[in-house]
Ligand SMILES: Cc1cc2nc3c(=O)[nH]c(=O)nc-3n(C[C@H](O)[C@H](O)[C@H](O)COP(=O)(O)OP(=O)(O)OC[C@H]3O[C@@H](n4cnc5c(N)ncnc54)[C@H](O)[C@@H]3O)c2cc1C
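A lone chain, given as structure tokens: the form predicted alone.
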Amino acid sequence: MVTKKILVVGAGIAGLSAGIHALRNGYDAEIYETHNLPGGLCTAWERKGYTFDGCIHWLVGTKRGSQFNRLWREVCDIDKLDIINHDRFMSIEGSGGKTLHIYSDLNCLEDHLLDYSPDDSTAIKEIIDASRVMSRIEFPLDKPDELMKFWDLPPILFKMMPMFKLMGKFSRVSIAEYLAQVKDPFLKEALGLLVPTGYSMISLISTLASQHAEDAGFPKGGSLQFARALESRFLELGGTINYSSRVKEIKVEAGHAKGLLLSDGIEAAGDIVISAADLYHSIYELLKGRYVTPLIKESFNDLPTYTSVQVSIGVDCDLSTEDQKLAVKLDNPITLGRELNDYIYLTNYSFDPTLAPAGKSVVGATLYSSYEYWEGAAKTRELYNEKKTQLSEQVIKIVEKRFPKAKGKIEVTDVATPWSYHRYTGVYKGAYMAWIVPPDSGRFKIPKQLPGLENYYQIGQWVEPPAGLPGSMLTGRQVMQIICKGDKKRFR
């Protein structure tokens, strides 16, 4: 029997997951990656001995035995990673010295919020109770929707009964809409900073639930080291990664994907093509716009995305005794294109000493910023660099004010804009979490196959937003389940 060859575009988390599951199920798998590193958006970079992390704030699935932990173990040795859990998910420092701590433990969080705003007890208890329920629920992830049969539904419905009430109340209301009932202005403001308010309330509840369950830690070494763990598994299984190999086109003959054309003119032949590249890039560039569906076209035309800019700072002092995850109210709001930032998100990475030389620290600062603002500036190198310098100077002043020990000890700064992420990964408008799908739309997904095109599949966070890293990994697993089913093979 001839072994089928699968070509994967992109060595991000979704592409590595697909490649690993392909190899485990008896296929040949070869990945083509534009850059010389794995991970895609799950990455980090070094500047003068400091490591600046560009992705993971928390990773769902870090608790041994949890649902996503079991899925991560299929693609990497996650249980061997040193996971860092935080007592506080975030502290919000508002104006007038007001501070709220978002404790990871729901009991501590509930007491803290009720002490601060007893008039909001109804909303507080509702959020906390829903998060407790969510922390005990496992979702039906073992089989993709495409392979579900009617006889699969009864056990799923029984297992999901505790979830029905939550979904009915929270799934179709946005965070902003729900928080409109909160009476205390600062509490409303603080809760609206935890997860972007355009998302469903289920996103906020799920985040609090994962923190409470200690299933959302930070892997020591950061995003690139985590991506390396998947890369290692793929290579151990005999896979091949072609780094610095930009795919120019997906070759199609008579409605069948047949291989890849690289930018250097080399062609790679395969039986199946899986694109884990950015969806817009895959559809409109690699496939030349020949298989655009109405849903894909409407989504890119109508749905907004979240984009941000990250300023990373290397500090020649030890900040390990300082607060680690903060949202700090700005004395002077910062406007970046269409985005007005009243708060800045600060992460003091001293909890992971591998990211800085001994006795030194990394501080990351994140602000919302429109893609068009930086795209326009990038047309002129001088203007682009000028805007980055201006922003880094603003952020340095904020960091030195919040961490006085850092004053005068800044050794290096780096600014990663939405344009940086677009240029580095090809991601649409530099977005970090795909589209913002209105909660009242219900469950949203892009089919993994395209009408009129055989032997081609698309995966990644754009397929089922907001997927993040766990969802991206899951789409890689699911696509191989679909392929195995089509080949009448038992998925391993």
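The model shown is predicted, which means the values in this text are computed figures rather than measured ones. So that there is no doubt, residue numbering starts at 1 and follows the sequence shown.
The protein also exists as the form predicted together with this ligand; that form is not presented, and the subsequent description refers to it.
- This ligand is not drawn, but in the model of the complex it has no heavy atom within 4.5 Å of Q458.
- Taking the partner from the other structure, this ligand in the model of the complex has no heavy atom within 4.5 Å of any heavy atom of K405.
- In the model of the complex, I274 stays away from this ligand, with no heavy atom inside 4.5 Å.
- In the model of the complex, no heavy atom of K445 sits within 4.5 Å of this ligand.
- Residue-level contacts in the model of the complex: of R290, K401, R246, R136, one residue has a heavy atom within 4.5 Å of this ligand, and it is R246.
- Distance criterion of 4.5 Å from any heavy atom to this ligand in the model of the complex singles out H35 from the list R70, K63, H35, R47.
- Contact here is defined as any heavy atom lying within 4.5 Å of this ligand in the model of the complex, and by that definition not a single one of L367, I396 and T413 is a contact residue.
- Comparing 315-323, 246-254, 337-345, 103-111 against this ligand in the model of the complex, the single stretch with non-hydrogen atoms within 4.5 angstroms of it is 246-254.
- In the model of the complex, the residues of 50-65 lying within 4.5 Å of this ligand by at least one heavy atom are, in order, G54, C55, I56, H57, W58.
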